[in-house]
Ligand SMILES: Nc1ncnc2c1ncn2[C@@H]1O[C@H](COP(=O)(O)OP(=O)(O)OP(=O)(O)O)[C@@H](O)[C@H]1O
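What follows is one chain in structure tokens, specifically the form predicted alone.
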Amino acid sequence: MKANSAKANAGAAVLDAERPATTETLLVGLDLGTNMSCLMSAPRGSDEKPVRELIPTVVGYAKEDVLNGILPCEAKVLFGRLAQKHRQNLNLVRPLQGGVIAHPEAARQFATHLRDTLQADGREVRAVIGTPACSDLAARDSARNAFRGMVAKVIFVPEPFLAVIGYRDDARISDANYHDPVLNSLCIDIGAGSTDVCLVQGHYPTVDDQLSVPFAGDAVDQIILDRILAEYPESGLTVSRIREIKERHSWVLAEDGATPAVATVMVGGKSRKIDVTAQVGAGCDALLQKVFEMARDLISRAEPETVSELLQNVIVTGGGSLTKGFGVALQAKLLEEGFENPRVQVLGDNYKDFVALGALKIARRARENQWQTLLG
């Protein structure tokens, strides 16, 4: 029992529970994603349910020939779902690529939009922001520059680590039968721009505890598109249409075969249905293989005596985790590799909430000296 108590205390120490008393500060947990961003906010020192916002990470700039009265309030710049709705009359820019900022000005404008969404009412805003695993100094500097003047203080934390903090059941950390993911787990976060894998073992992850590759949902989209165009060159499919097809039909290693993926395309102005099952499967299989290789690498880095428990907490999150059969297929590949009794858990449709919630948990418990001040 003493050992279990010590483990629970070690996990709690990661969060540095030191709850402030004032409510003059608004705390924010932000999952800044390549395709979709999620933020949760709550007053400092408050236990109230956080406000949640899910916003597509896109900025739309009005085209020069757009007619008056077409765009809301004659806006020159639109964001999120409103930008997607009016995309025919906008030049759309995704501020992030591969999980990091690629268009600084668009990123800064998107950060301004996020700040406006918060309705901070004059309060100081502090944000814990998720970053890809192993993001370098330049990537963090770009993020700091984007949010300078938008938030007063910031902490950057690897996204897989935040997902585990958000997923953790705080009410059960003293339960001897609970496999606390903060104490020992492997988290795999499959986003749009990058796939991140992180060893979480009761402390803030080091560089050696993390892997990140720019092969994720966007790369899968491109594989599917290239293979479809090779067979149906007149289909005129775009990446955005491919993404819709993938999200509806993605699969790996289905036991009874894949549900046929039939896409409706326009060829010469006429509607035509084409079978893209094999192309979708090829893209998803490539992602599965990449994730397996990364997981195998990080498991080999863990201390041997921790591996048995680690394998009971292989956590898969991110949009790519929603691929039909992904968790089962990854577990099967780990078994084939010789890992004993792995248990792969897929966090499900609300995966975005876990990173933002984990970020807000850390914001609520951060010591004053852990915050970085962003000067305007």
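Small disclaimer: the values here were computed from a predicted structure and weren't measured. Counting begins at 1, following the sequence as shown.
What comes next is about the form predicted together with the named molecule, which does not appear here.
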**Prompt:** For the chain shown here without its partner, which stretch in 25 to 33, 61 to 69, 306 to 314, 340 to 348 has non-hydrogen atoms within 4.5 angstroms of the named molecule in the model of the complex?
**Reply:** 25 to 33
**Request:** Would you kindly say which of 99, 95, 158, 181 lies with a heavy atom within 4.5 Å of the named molecule in the model of the complex?
**Result:** 99
**Prompt:** Heavy atom within 4.5 Å of the named molecule in the model of the complex: which of 226, 297, 247, 136?
**Reply:** 247
**Request:** With heavy atoms only and a cut-off of 4.5 Å, decide whether residue 41 touches the named molecule in the model of the complex.
**Result:** no
**Message:** Taking the named molecule as it sits in the model of the complex, is residue 192 in contact with it (heavy atom to heavy atom, 4.5 Å or less)?
**Reply:** yes
**Asked** Does residue 166 reach the named molecule in the model of the complex, with heavy atoms at most 4.5 Å apart?
**Response** no
**Contact flag, residue 322 vs the named molecule in the model of the complex, heavy atom cut 4.5 Å** = yes
